[in-house]
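As structure tokens, one chain now follows by itself in the form predicted on its own.
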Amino acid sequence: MPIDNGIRAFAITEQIDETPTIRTVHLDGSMHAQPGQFVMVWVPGKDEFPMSVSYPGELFGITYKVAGEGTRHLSVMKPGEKIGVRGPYGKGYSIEGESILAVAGGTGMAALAPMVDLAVASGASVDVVLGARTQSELLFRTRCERSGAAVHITTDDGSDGSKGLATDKARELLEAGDHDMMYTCGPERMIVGLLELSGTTGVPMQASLERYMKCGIGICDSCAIDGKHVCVDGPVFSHEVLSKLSDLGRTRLNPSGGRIPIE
């Protein structure tokens, strides 16, 4: 499928509150992206930033957490107002396996949801571990359930599902089941924990990394990790590549290019 990387103007058709801090914006056009690919979103006069394509195809949508100035401005834009989008970029998830475990932390479900939809539609059995700080921050729970996936909830405060970490529930499911592929997106320390599980259980893994990006095409070096560029070599990496990234879960580059620890 040809990929259109030129910037295009899209009018906002709808903004949906998914959680108190996460919104989905739907746009008046199509974006045929692979699950896990991302786009660069330009809010005129404010900023440009990367966003996962949470709704590929004709019902094009992106899901974002309201954080910096750009996303705050985007969150108050009305239907009919326009933003610029270029992409899709990067390598997405490769759908493999008949018994799949998907593990999402925080906004990571925005990248994983299209993969879950496609995997279930392809006939795979899918378990989803959906982790969040608290019940109100659980993202796309109903969407995953409607797709036919089995959803397992973990919350830091115990307000829904199991109290604890998503990695704890993932370990429980991997040890009890017969999964042959694991997919994840979320905090890097969670990914490191899942990578260890991948090694001990022998279940291969694909993970989408989230790093600071300026260009999206491998020029600015802001998303570099151990000689790889998340924007072009990823954002989805195999467990073979992940296991060789010494900076994974330890350090990242800030907007000025300085190396800082991951908290």
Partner chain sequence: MTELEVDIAGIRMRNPTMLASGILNETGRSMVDIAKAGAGAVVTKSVGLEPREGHTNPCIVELECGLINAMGLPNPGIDAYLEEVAVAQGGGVPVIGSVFGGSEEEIAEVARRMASAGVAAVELNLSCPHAEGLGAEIGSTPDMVERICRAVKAGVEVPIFAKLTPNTSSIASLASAAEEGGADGIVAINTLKAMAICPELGRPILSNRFGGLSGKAVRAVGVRCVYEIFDAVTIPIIGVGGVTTSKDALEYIMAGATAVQMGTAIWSEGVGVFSDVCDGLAKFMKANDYGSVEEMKGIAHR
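Computed from a predicted model, the values in this text were never measured in an experiment. Residue numbers count along the first chain shown, from 1.
Missing here is the form predicted in complex with its partner chain; even so, the following discussion is about that form.
- The shortest heavy atom separation between Ile262 and its partner chain in the predicted complex exceeds 4.5 Å.
- In the predicted complex, its partner chain lies farther than 4.5 Å from every heavy atom of Tyr93.
- Glu210 falls outside the set of residues with a heavy atom inside 4.5 Å of its partner chain in the predicted complex.
- Residue contact with its partner chain in the predicted complex: Lys82 places a heavy atom within 4.5 Å of it.
- Contact with its partner chain in the predicted complex, defined as a heavy atom within 4.5 Å, holds for exactly one of Cys215, Leu195, Val203, Met31, namely Cys215.
- For the candidate spot formed by Pro20, Ile62 and Gly249, no residue has a non-hydrogen atom within 4.5 angstroms of its partner chain in the predicted complex.
- With its partner chain omitted here, the record of contacts in the predicted complex names 42 to 50 of 22 to 30, 42 to 50, 195 to 203, 234 to 242, defined by a heavy atom within 4.5 Å.
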